[in-house]
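Read the single chain below, which is given as structure tokens and is the form predicted on its own.
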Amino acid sequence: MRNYSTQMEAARKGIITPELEIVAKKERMTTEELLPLVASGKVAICANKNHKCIDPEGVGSMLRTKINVNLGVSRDCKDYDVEMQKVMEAVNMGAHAIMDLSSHGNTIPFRRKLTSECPAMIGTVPVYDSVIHYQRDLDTLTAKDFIDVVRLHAQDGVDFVTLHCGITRKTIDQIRNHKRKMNIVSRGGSLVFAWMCMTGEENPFYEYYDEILDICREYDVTISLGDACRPGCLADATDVCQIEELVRLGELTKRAWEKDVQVMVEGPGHVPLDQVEANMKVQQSICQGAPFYVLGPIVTDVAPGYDHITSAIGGAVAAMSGAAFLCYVTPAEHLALPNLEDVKQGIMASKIAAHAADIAKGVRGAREIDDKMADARRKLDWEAQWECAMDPETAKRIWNERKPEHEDTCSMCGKFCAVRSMNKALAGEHIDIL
């Protein structure tokens, strides 16, 4: 029988939960090291008590950088079987979280299938689902309707919910007066903004925040405080709207922790490369070390079709500078719903960024696989190289498609291979080139 409501409450009581024990082992930490980090909110273990098949992970800047994969159907692409295929592929490729961002159809069976079959953390954005769930236009929904959907998602076993609690009616004037190039590009943020404009009421996720905290506490749902005002282009990065919302998210973080509710804070967005580190440091200060969950950041606006690369560049710098959780971006970003190949490309780009950052941060054991790869390359041991590769299938396919005449090298250098020449020279052997 659990004598605690949330992972944070358990840590504050000195209780080592089964989830904390698993996370400590994965992170090569002792439970004594991890416990105070969870108690203070610097690490979140997103694990709804109704998500029975979860393989728990910790999210925090001092742990391995985690990656999230966004999936879900839309009106134009509505095959839930295809989405489930993407889910399982993402998990097999090492994704730590799946966010269901479905905006069409009956979302309940898919969400429940995720929390009954998927071992990764599951996240949702309840404001999307509200319109679909009630099948009513946005301006007819009430604050209670929105809160009830948060409760439904919590009951269904969702581990974290993105809630755009940080914008208020004051934000309406700011957006109108500040003259941003891209206004609000957050889908959830734009829905909350539109609802406030049409109804004249305050943001329900802000006004009824305490009620939401009670729901999250009951099911141990982590609140991911959404950044409605994240910049959608470089020109809007680190502006008044973004920073003022972040200050409010810092206040909401404290209120959640007072009720033992775990928090992540979401961040930008489109940010010039030279501003990424500063954004991470400002968030850590304002939100007192709560895990930072960033989309990208995307460091240039002009690479549609390649935004998995612009995102990986920003993501590596962000994670090295303190971000804990990277939301992947696919080649389809800004263009279309990603297909299975886009999902794979996005995951690989994000994994590379996360791993590079972990090495830079000195995360325990992060560089071990790189050192094994170096040994395998020195020995020209191709099988050992496949074992070390993040994506062995692709590496093996490229080598096989362009096989060299002599298999101890590759077709780039052949007998001019520097590694082969050095091995022979150091062993006192004759080096044959021609």
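In case it trips you up, residue 1 is the first one in the sequence shown, and so on. Fair warning: this is a prediction, and the values are worked out from it, not measured in the lab.
We do not show the form predicted in complex with another copy of the chain, though everything after this point is about it.
In terms of contact with another copy of the chain in the predicted complex, the residue from 349, 118, 263, 249 that brings a heavy atom within 4.5 Å is 349. When you look in the predicted complex, the only residue of 212, 98, 191, 280 with a non-hydrogen atom within 4.5 Å of another copy of the chain is 191. None of the heavy atoms of residue 109 is located within 4.5 Å of another copy of the chain in the predicted complex. Contact annotation: residue 82 falls outside 4.5 Å of another copy of the chain in the predicted complex, judged by heavy atom distances. By the criterion of a heavy atom within 4.5 Å, residue 412 is counted among the residues contacting another copy of the chain in the predicted complex. Mapping the unseen interface onto this chain, residue 308 counts among the residues with a heavy atom inside 4.5 Å of another copy of the chain in the predicted complex.
With another copy of the chain omitted here, the record of contacts in the predicted complex names 386-394 of 386-394, 41-49, 23-31, 60-68, defined by a heavy atom within 4.5 Å. Each of 139, 233 and 356 places at least one heavy atom within 4.5 Å of another copy of the chain in the predicted complex.
Annotation for 239-278: interface residues with another copy of the chain in the predicted complex are 270, 272, 273, 274 [heavy atom within 4.5 Å].
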